[in-house]
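Quick heads-up: it's one chain on its own, the form predicted on its own, in structure tokens.
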């Protein structure tokens, strides 16, 4: 069957999944200090595998496919990496690796002890997150994507409450509740799709799905479930306490990567499974919710008194930009490559900026003994690299040149203007101004006053990791043409019914 044959480099896809799974299994079996070293060894190898996949996709100009067990869908399972998948795999591997090396000092097994609960749990869960994310970005089957999302949830939730404090337990349970409700809705939609067409393979469904009541019901259920997991307005209540109370390395991964997985599935659902479905109303609704997220999340960020909570509410706002790509790329039956690339660029720039900012916020809180924004005076003189990381990350969130955030928002602005959808232009500009306000709230006190008194000086290596991640968000604004060519691979113009 066309499109279902293992291609050159296809074995790399299975390696991308098996590597963290093998690490997780070995960590559980060997335990103790070995879990840390397994994670620190395998994460950089994951970067090399992801880079090889991206190189292969770019060189071939077509998606890389691996047929598991040699049985093509619908009997078997196909793994597939197009340009978007390849970029997300590389982003995931890079941020997971950075988080692992950043977390070494905070989750090292104490000397003289064979094993400690929090370090062992963290190092095994981070590998579970790595595996689940790779499955999400590679799977071509709606049910396997459900399984991957559940693995992701059950690896992410415990990271929120590793310290065992009551407030972190409450935040983790709230996160779990929203995630489980989202799973139920998604699975109900999957059942309807399977009952109607007898397959859950994305490529097969793209050719078979047609407008009918079962499809509309499935689309609504699956979208609602994924929105709950993405924390799009008004379903964002679980995100700020979960991200703000998790350890810094965990917050970085949760904000940068975990909330992007259900968004990635929404893209697969509407762009790949349901391209023939008349969807102007649904696309406008998604963008309206995204606009509300931008405005409400930014206003709530402005009102926060704690640094990590401000950054967490900023995630609520920045997620909203991702949903503007739906009406711009799919609306009116005309395909907009600017909107598509802008949405992908926003996904990447936010991931790197927010990962670095959460790490920097964690360093500031650890060194000062608090993260109260009004008491950050003199932090810039005491910890210049940390504050520089916060500033560079904030630059991308505001969408100022030459950052990746600017490139993303400029492409979305261009697509909005070309489509005559000026309401999204107003929202993007307003969101940028509000982002400038909450970034200013961080930098104004941090850059004023005498050097702050630190309880302990942060390790330069940890500051360097946070800064490096935010610099990647900045450098995305200088991405070469080959990068944009990679994004376009496997993304065909949407054809109406």
Partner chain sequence: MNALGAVDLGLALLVLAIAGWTIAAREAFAAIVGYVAYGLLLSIVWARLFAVDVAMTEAAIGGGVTGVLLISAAARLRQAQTAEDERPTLPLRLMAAALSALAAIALGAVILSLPEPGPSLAPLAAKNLAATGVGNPITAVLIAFRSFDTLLEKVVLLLAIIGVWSLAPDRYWGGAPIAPRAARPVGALTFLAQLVAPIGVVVGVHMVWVGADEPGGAFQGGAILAAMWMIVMMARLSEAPPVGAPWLRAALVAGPAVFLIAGASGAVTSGAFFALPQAFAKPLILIIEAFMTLSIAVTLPMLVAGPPRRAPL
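Note that the structure is predicted; figures quoted are calculated from it, not measured. Positions refer to the first chain, counted from 1.
From this point on, the text means the form predicted together with the partner chain, which you will not see here.
Shown here without its partner, the chain carries 337, 480 and 483, none of which come within 4.5 Å of the partner chain in the model of the complex through any heavy atom. The closest heavy atom approach of residue 124 to the partner chain in the model of the complex falls within 4.5 Å. The partner chain in the model of the complex comes within 4.5 Å of a heavy atom belonging to residue 66.
Remark: residue 263 does not count among the residues lining the partner chain in the model of the complex, judged by a heavy atom distance of 4.5 Å or less. Contact annotation for residue 76: at least one heavy atom lies within 4.5 Å of the partner chain in the model of the complex.
Proximity to the partner chain in the model of the complex, taken as a non-hydrogen atom within 4.5 angstroms, holds for one residue of 227, 292, 196, 282, which is 196.
Put simply, of 120, 388, 271, 238 only one has a heavy atom within 4.5 Å of the partner chain in the model of the complex, and it is 120. Heavy atoms within 4.5 Å of the partner chain in the model of the complex map, among the stretches 42-50, 28-36, 443-451, 429-437, onto 28-36 alone. Scanning 212-232 for heavy atoms within 4.5 Å of the partner chain in the model of the complex gives 213, 214, 217 in sequence order.
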